[in-house]
Structure formats: C-alpha cells, structure tokens
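What follows is one chain in structure tokens, specifically the form predicted on its own.
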Amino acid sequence: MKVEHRIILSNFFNIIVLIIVIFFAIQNLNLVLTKLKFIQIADDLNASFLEIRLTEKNYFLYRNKMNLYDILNKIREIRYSIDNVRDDIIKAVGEDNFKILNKNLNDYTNVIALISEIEETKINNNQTETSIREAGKKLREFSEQITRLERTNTNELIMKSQKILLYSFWIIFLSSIVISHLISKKILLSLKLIQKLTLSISEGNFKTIENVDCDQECNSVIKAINFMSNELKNREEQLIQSKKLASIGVMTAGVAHELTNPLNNISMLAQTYIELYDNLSKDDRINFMSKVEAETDRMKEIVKNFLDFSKPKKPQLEQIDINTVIQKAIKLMQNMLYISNIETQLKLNENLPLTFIDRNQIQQVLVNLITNAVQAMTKNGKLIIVSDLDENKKYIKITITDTGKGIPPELLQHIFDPFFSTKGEGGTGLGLSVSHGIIKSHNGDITVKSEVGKGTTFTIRLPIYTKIEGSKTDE
C-alpha cells in the first residue's frame, strides 16, 4: 500500500472515530438538555404541589370550601402544563413514571372533588383529613422522588459524557501518534535505504538493486535509481573509453610530432647526399652520415622517453641521505645555472633521517624540475631549493621554487598530463609526467603551486623508509 493511501486511511479512521464521538456527544447532550428541562418542569410542579398543600392546610384550619375549589383550579393548571410538556416528561422519566404521576394526581383530584361535592355536615373530619393528607403526600413524595432521581441521572450522564469525551480524545490522540510513528518509520526506512543506494552509487558501485522489500513509493524511487545507475555506468564506460582514445590520440600525436623533425632531417640529408654524392669528399660523406646518426640517436631518445613513461622501471631502492642527491643534481645543472645567470639558494636540513629511494630516478626528477625552472626564468632569476621534514614528521619534503613567469591557472591542472607542455615546440610534455610517475612509485607525491608573473613552486614528499622492512619508520 502506498504511503499516501496509508495516510488517507489513518485520517479516515480518525475522522470516523471523531464522527462517532460527536454523534454520541450530541445524543448525550440532547438527553442532558431534556432532563434539565424536566427538572425545571419538576421544580415548577413541586412548587405548585407545595402551594396546593398549603391551601390544603388552610382548609383543615378554617374549613372553608373555597380552599378546595382553589385546589381544583390549581390542579387544572398543573394538568394543562403537564399535557403541554407530556413528550418531554416521558422522554426524561419514561412512560411508566409519567403514568404513576398522572395516577397520583388523579387520586388526589378525586379526593378533593369528592369532598367539595358533599355537605360539610356529612363529612367525617378525621377520615377526610387522612384521605387528603395521604393523597397529597403521595403525590408530593413521588414528584420529589423522580426529581431527585433525574438530578442524579443527569449528573451521572454528564460525568459519563465527560469520560467518553476524555477516552475518545486519548484514543484519537494515541492512534494518531502510533499511526504517524509507523508511517514515519516506514518512510525513514525507505529514505535510509535510498540514501544507502545513492551513497553506493556515489562511490562508483553502479550495480542495480534487486528484490528490495519496501513500499510502492520506495520501489518507484529504486527503479529510478537503478535506471540512473545503469545510465551512469554506461556514461562512465563511454567516458573511460573516450579518455583512453583521447590519451592514445595525444600520445600518438606527441610521438608523431617528436619523430617528424628528425625524420625530415634524415630525409633531407639522404636526398642531399644522393644529389651531391659524386662531388663529396670522404670527410663530407662522413659528416653527412654523422648527422644522420645524430638524428637517429635523437629518435631513440624520444622513443626511450616514451617507453620510460608507459613502462616506468621499478625503483632500485637504497638507503641514502636526500641532501646528497639534491647536491648531485645541482652539480649536474651547475653549468646551465651559471650560463643563465641564475642565483641558487640551498636550504638543506642537515638532520634529516635517511630515506630509502632510487637515487638515479629521484635525481632525474630533480634535474627535470631544475631545468624547467631555469627555462621559465630570464637572466638574474632566483632558484631556491629547501629540504626538511613535513608537518607530521612522516615525510621528507623538498621544495623547488623559481621566480619565473609562472603557469596560468587553466593550465596548472594539466601540468602532469602526458605530452602536455607549456613550452610550445620546445618541449615534449613527458618530463613532468615521468617525474610524477617516479615519485608515485616511491609512494610519495608531487604538487605544484604557481602565480603568473611571480613564479612556481614544486613540492616533493617522500616517505621515510627502512631498508629491511620497506615500510614507514616509527617516530
């Protein structure tokens, strides 16, 4: 059943209960009003009966037959009033009580009528007084009795109505809470399941979800999520395929571009050699072949760089002081630094622990970064190399900072991509990619920060290793 239908059903249930409560409340209220109305009538009757009894006493005191006529007139008024509200009295006290009231009233009337019709001399005073008193007393007592009874019944009815309303309120209140809790729990369980599925998809798990036990809304959402998962999976596969094709295209274009120049030179040398062969001396021929060999070596270097990128060599690790590797790289680049009039500042921490690295590969990385820094600077630039421990003292950190032209932000994110170069025709775009692969093979990382017009900083982090275990040392 849908959550919407459950909510509608629960509301319908509460409305039905509320209607039933209202119906009984109205019934009880009408009954209470009827009884209150009868009590008012009964009070008037009791007042009339009291007045009759007072007139009756006057008769016994003064033996004035006019008092009997007054009593009969008063009884006629009472009968008229009773006839007007007959239905209300019957509804309040029942037909049996109404008949008893009428009978008592008739008995009292007959006694008064009989006495008023005979002569006073024929009246037995004691017998007359007893008959009148007994009939009046019986009428008055019955009237007071049913009045008290109806007052009691009215109070009980009011108390009963209060209890019904109170119980009904708690039934509706508790049922609303229970139903709301059950519906909310069901919705929350469905939402948690959907959240779990979406988190799974966000982590790259594009499997569809089958045989899930939940409500219709949840099933609809899961179907939508499964559809989305399939679409994302297809898009991911398409994206991966397109990236593969793009990478192959970039790599192929890069290799083709790099090989084109030496091939063109070899072709031109071969054509010139053929045309001038007869006029060339031995030294000239040797010179031509030397140039061809040089271009061939250049092609070999390009292919070697490509293979180094695609199949990086496994590091030949050894325990060494990183400062010695930095200093060796500076010596290799000293001539270039001198010619370019670059000021070099070394800030090496002499208390660094030994690290476990391939010195040649790390040296290759440093030489490549220094070369890039020199090429990015004009004369009178400044190169700063710092070695130290990182903030957590788990890694050795090397920073290489130049005061060159910097790298634009839109290019910075592609700086480690293969065959991507900021040097135009002057670079292969493999140096930083190879360097990135070397550092990653050492379980380290390399990052770059740059600001156009101010310079660039490359940061290398290498973990501290032990030679025996090949794992991080305990600090």
Partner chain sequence: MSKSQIMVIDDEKIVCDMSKLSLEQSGYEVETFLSAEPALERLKEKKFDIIVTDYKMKGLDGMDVLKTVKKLYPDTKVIMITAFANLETAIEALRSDVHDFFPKPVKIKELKASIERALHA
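Numbering follows the first chain given and starts at 1. Quantities reported herein were computed from a predicted structural model and do not represent experimental measurements.
This protein has a second form, the form predicted together with its partner chain, left out of what is shown; the following refers to that one.
Chemist: Ser267, Asn279 and Phe288: each with a heavy atom within 4.5 Å of its partner chain in the predicted bound form?
Modeler: Result yes, every residue of the spot touches its partner chain.
Chemist: Which pick from Asn97, Asn360, Ser180, Thr272 sits with a heavy atom within 4.5 Å of its partner chain in the predicted bound form?
Modeler: Contact check passes for Thr272.
Chemist: Considering Met159, Leu166, Leu188, Ile339, which brings a non-hydrogen atom within 4.5 Å of its partner chain in the predicted bound form?
Modeler: The residue in contact is Ile339.
Chemist: Flag Lys394 as yes or no: does it have a non-hydrogen atom within 4.5 angstroms of any non-hydrogen atom of its partner chain in the predicted bound form?
Modeler: Taking the distances in the predicted bound form, the answer for Lys394 is no, it never comes within 4.5 Å of its partner chain.
Chemist: Test of understanding: in the predicted bound form, would Thr260 fall inside 4.5 Å of its partner chain by heavy atoms?
Modeler: Judged by the heavy-atom cut-off of 4.5 Å, Thr260 is in contact with its partner chain in the predicted bound form.
Chemist: Might Arg298 be said to contact its partner chain in the predicted bound form, defining contact as any heavy atom within 4.5 Å?
Modeler: Because a heavy atom of Arg298 falls inside 4.5 Å of its partner chain in the predicted bound form, the answer is yes.
Chemist: If we take heavy atoms and a 4.5 Å cut-off, which stretch out of 289-297, 136-144, 76-84, 97-105 is in contact with its partner chain in the predicted bound form?
Modeler: Comparing against its partner chain in the predicted bound form, the contact stretch is 289-297.
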